[in-house]
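Take a look at this one chain, the form predicted on its own, written out in C-alpha cells.
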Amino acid sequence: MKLIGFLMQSSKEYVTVMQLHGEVALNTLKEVVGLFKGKIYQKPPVRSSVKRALRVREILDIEILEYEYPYVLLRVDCEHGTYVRKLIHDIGDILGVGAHMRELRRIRTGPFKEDSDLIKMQELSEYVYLWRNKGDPSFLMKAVKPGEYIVSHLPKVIVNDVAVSAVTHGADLTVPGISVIHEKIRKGDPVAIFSLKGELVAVGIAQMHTEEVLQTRRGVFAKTQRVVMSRETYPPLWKKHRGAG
C-alpha cells in the first residue's frame, strides 16, 4: 500500500472513441490531433472530483487508429490527471465541428498493461483456492507482483549499504551514498532507490539532474518521500557516518 500513490500518479494510456459532430477530411483530422501532443492547458469538466482550475497536462502520445465518420478510434498516452473527455471536446472545437467521447478504456497504468500484466478476479480467486486448499502456490506467485514491479517505470539509483540504513531511518539520499546511476534523471522526478542487492529501499524526489550528480561530491540528491524497506533490514551504519552516505 505504501507505493499505491506512485502508481496512481504514473502515466496512463487509453483507447477511446471520439464521435465527431461534423465530417472532416482525414488529413485535417491528423493535423489537428497532432497539435495536442505535448504540454496542453486543460480545465476539468463540470462533473469532476477536482477543482475546476486551469492546469497543464502532458499528452505523451496520441494516435489515430481508425477513422470512419463519425467515429474516430484514438490511442492516448498521457500524464496522470488528464481528462480524455475534455481532450476530445477541445479537439472537436479546433476542428470546428464539435465532438464528444463515446467510449473510453484504460489499457495501461504505469507498468501495468491490460494485455500482459492483469488477471481476472475469478482467476485470482481460483489461485487463492489452490494455495489454501491444495497447497499449490505456483499460480498465485505468478499473479502477485513484488513491490519493486510497481516502480519499474521510474528511473533508478543504486546506493551503498550506509545510505540504505540512513534512508530507512528517514534521511535524504546524499550524493556520496550513490553507488550507481545509469539513467537520465531530471530535478523533480520521482526516483526508485535500490540497494546493491536489488532490494527496493524507498522512493524519493530528485533534487538534482544527473549531470549535476556527476559534477559534485556533496549535496542532497533525493528527498526521501516513502520508505519501503524495514529499518531492521540493515544495521544502523549511518550512526558512524555523516548523512546518507
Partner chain sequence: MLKGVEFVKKLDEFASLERSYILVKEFPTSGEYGKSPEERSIEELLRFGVINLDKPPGPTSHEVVAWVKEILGVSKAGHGGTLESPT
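Numbering follows the first chain given and starts at 1. For clarity, a rigid core is taken as the largest C-alpha set superposing within 1.5 Å between two forms. This is a predicted model, so every value here is computed, not measured.
Keep in mind that the form predicted together with its partner chain is not shown, yet the notes after this line are about it.
Highlighted residues I150, E183 and L196: every one comes within 4.5 Å of its partner chain in the model of the complex, counting any heavy atom.
With the partner left out here, its partner chain still marks one of 102-110, 166-174, 67-75, 89-97 in the model of the complex; by a 4.5 Å heavy atom cut-off that stretch is 102-110. Contact annotation: of the candidates V33, L200, M208, I59, the single residue with a non-hydrogen atom within 4.5 angstroms of its partner chain in the model of the complex is L200. Though the partner is left out of this view, S179 does reach within 4.5 Å of its partner chain in the model of the complex, counting heavy atoms only.
Heavy atoms of T233 reach within 4.5 Å of its partner chain in the model of the complex, making it an interface residue. Residue contact with its partner chain in the model of the complex: H80 places no heavy atom within 4.5 Å of it.
In the model of the complex, at least one heavy atom of L214 sits within 4.5 Å of a heavy atom of its partner chain. Residues are counted as partner-facing when one of their heavy atoms sits within 4.5 Å of its partner chain in the model of the complex; in 142-162 these are A143, V144, K145, P146, G147, E148, Y149, I150, S152, H153, L154, P155, K156, I158, N160, D161, in sequence order.
Here V151 does not count as shifted, since its C-alpha moves by less than 2 Å between the shown form and the other one after the core is aligned. Residue displacement note: V180 has its CA displaced by at least 2 Å between the shown form and the other one (rigid core superposed). After superposition on the rigid core, displacement of the C-alpha of D93 between the shown form and the other one stays below 2 Å.
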